[in-house]
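Only one chain comes next, encoded as structure tokens, the form predicted alone.
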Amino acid sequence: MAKFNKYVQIGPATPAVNGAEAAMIKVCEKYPNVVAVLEDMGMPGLEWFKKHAPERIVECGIAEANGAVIAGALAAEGFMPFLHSFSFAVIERAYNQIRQSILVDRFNVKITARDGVWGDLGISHDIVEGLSCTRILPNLVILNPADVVEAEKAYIAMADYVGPVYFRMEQSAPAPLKIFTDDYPFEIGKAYQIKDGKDATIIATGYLVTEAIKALDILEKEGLDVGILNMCTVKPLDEEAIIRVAEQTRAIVTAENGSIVGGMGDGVAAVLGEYAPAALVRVGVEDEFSQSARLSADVDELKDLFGLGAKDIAIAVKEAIAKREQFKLVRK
């Protein structure tokens, strides 16, 4: 049985979006300048807006580029706009407008987007490149919470932070385990060590933290002591935490529900290359698009297809350990 660190108490699977919904209501009540900028989609807290502040709703329809420009203009006048849609729409259709009308002036706009491989909507809606295409944008903080508790705390932290933020929601993925206790101290820019380990470390973000936790059962049966570092803030990465676990184990696996090309794994690889050489294996989607497939209580075709499950992470850990031994990397 894995021994987890403080603030971790594994509970039943609970949709992370529930945390965002609860947080949005708190945010709206705390900040009267919050405005919902809709793009023919709902958003967390929308029912609260409809009941208590319908005048704070701006509907742009399927015109996402306009939505980004309107959000930037509202922020320039002191409002705090929240945009929400699928990643392909709210970010990729409005990429230039986000860059020009929001990020250049670092306007206080919050973007929440559905992203990741899971679902039955296929290539058009199940976006795997969301982290990759946003990580290169200056002035943008990126959050990808692991469970319902972290989703609520990260959402509130996003509102308290002054500046543009991309809050990634893996809403079509299976519900993650409840991982954190209610007093978990979330902080933007700080990773959290869920479990220490001496043989290897899994650096995971979002839903794949759940799969990393499940992988521990497989690895413990083989006598391996593996740690998990939860990387909710994908940008800026917590370089100190990455360096620390790399020096401790010299065997790192990154796990993300998205493309490994330009994703979190690439960011970790850059840190390792500059500061703390370690064997690295990246778990994520290869250089390809997502697909449409069945997701139910007993069938998860896309998880198996893209190799994003606990067993895949366990295999990656053993590959990283073998690489470490091959290249004779020395642990602290």
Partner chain sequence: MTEKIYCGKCNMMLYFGEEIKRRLYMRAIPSEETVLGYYKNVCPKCGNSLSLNTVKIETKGRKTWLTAQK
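Residue numbers count along the first chain shown, from 1. Remember, it's a predicted structure, so these values are computed and weren't measured experimentally.
Omitted from view is the form predicted together with its partner chain, to which the following refers.
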Among Cys133, Ile188, Leu177, Met80, which has any heavy atom within 4.5 Å of its partner chain in the predicted complex?
-> Ile188
Answer key, its partner chain contact in the predicted complex at 4.5 Å (heavy atoms) among Val141, Val261, Leu224, Ile218: the residue is Val141
Going by a heavy atom distance of 4.5 Å, is Phe289 a contact of its partner chain in the predicted complex?
-> no
Interface membership of Glu239, its partner chain in the predicted complex, 4.5 Å heavy atom rule = yes
Can any non-hydrogen atom of Tyr161 be found within 4.5 angstroms of its partner chain in the predicted complex?
-> yes
Tell me, yes or no, whether Ile123 is in contact with its partner chain in the predicted complex, where a contact means a heavy atom of each within 4.5 Å.
-> no
Option from 195-203, 133-141, 87-95, 245-253 whose residues, in the predicted complex, bring a heavy atom within 4.5 Å of its partner chain = 133-141
Residues in 40-78 that come within 4.5 Å of its partner chain in the predicted complex by at least one heavy atom, in order, are none
